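We begin with a single chain expressed as structure tokens, specifically the form predicted on its own.
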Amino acid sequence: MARHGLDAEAKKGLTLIAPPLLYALAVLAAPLLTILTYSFLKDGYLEVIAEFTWGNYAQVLTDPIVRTIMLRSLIVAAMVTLVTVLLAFPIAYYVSFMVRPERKSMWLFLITIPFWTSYLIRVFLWKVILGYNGVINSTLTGLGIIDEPLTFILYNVNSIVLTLAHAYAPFAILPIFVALEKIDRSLLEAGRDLGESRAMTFWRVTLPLAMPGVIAATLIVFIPTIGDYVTPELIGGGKIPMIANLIQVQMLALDNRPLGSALAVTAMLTVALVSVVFLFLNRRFLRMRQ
């Protein structure tokens, strides 16, 4: 009877799990397997030839243009992540430690306001702000600070970093805030009672305990920004392509789906490798601090 009851419970569990599992396979595994399969096939004129080849990956690894764009994507994503996390931490710290408990929900509500509009609209707004006749240039010209509109504030790496940092700021603030909220305040009081200054208490107690949130924020920002397509296209003016723009060109403009798929798989593996290295270095850092 007990065995029969366990089997019945197992069947019920499988029944509950099956729909989301099938959905996950349909929306995640199937597209990834399709891209992986295409990456090992040959490209023909307006068609894909079902013949196995390593040529796509050989071209990806040996093409200097691909290496340059991949390196640029990594650098831009790292800059965006660094700027976003460094700006997000003080905000999260202020909301967690300085704001009264009954007002924290209002602050979190304000932080999530950018999500009310689509990502594309926010990118367009930054283009308007940074444009030749945009808000910044119009203001500086109107105040007499400059005679001619500035041309270097748009269509460059700095404008891309600024736009992406603003777009992904809530993704960094929220996990750091959650990690700070979990810190036992009595530990901070104990550090102060032992004669530690506020700065040393932050460095030895608060920061290590908040590192899970910092790590989560870093990965949440880094992974999507390296594959961003819209911002380099609009804010960069198409002059500073990143890996997603190169994949788009191969997939759609040149109709070379095998090479585009190989680029996508290579980008995913690169992101995974960088993320694993970051986690390893962070773990070593925390061990050295203990």
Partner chain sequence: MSQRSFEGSGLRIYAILYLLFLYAPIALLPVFAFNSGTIIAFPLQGFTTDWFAQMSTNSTLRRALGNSLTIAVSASILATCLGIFAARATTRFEFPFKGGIMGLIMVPMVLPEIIVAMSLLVVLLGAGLQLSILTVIAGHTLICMPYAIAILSTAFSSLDKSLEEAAYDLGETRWGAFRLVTLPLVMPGIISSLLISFTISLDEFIIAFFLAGNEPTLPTYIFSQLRFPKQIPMIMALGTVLVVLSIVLLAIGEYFRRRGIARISGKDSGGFQ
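We call the rigid core whatever largest set of C-alpha positions still superposes within 1.5 Å between the two forms. Residue numbers count along the first chain shown, from 1. Just so it is clear, the structure is predicted and the values come from calculations on it, not from any experiment.
We do not show the form predicted in complex with the partner chain, though everything after this point is about it.
Although the partner chain is omitted here, in the model of the complex all of 28, 110 and 227 have a heavy atom within 4.5 Å of it. You can rule out all but one of 143-151, 95-103, 68-76, 206-214: in the model of the complex, only 95-103 has residues with a heavy atom within 4.5 Å of the partner chain. Think of it this way: in the model of the complex, the partner chain has a heavy atom of just one of 125, 183, 82, 178 within 4.5 Å, and the residue is 125. In the model of the complex, residue 59 stays away from the partner chain, with no heavy atom inside 4.5 Å. By the criterion of a heavy atom within 4.5 Å, residue 169 is counted among the residues contacting the partner chain in the model of the complex. Taking the partner from the other structure, the partner chain in the model of the complex has no heavy atom within 4.5 Å of any heavy atom of residue 160. For residue 281, no non-hydrogen atom is located within 4.5 Å of the partner chain in the model of the complex, even though that partner is not displayed.
With contact defined as any non-hydrogen atom lying within 4.5 angstroms of the partner chain in the model of the complex, the contacting residues in 235-268 are 244, 247, 248, 251, 252, 257, 264, 267, 268, given in sequence order. Here residue 253 does not count as shifted, since its C-alpha moves by less than 2 Å between the shown form and the other one after the core is aligned.
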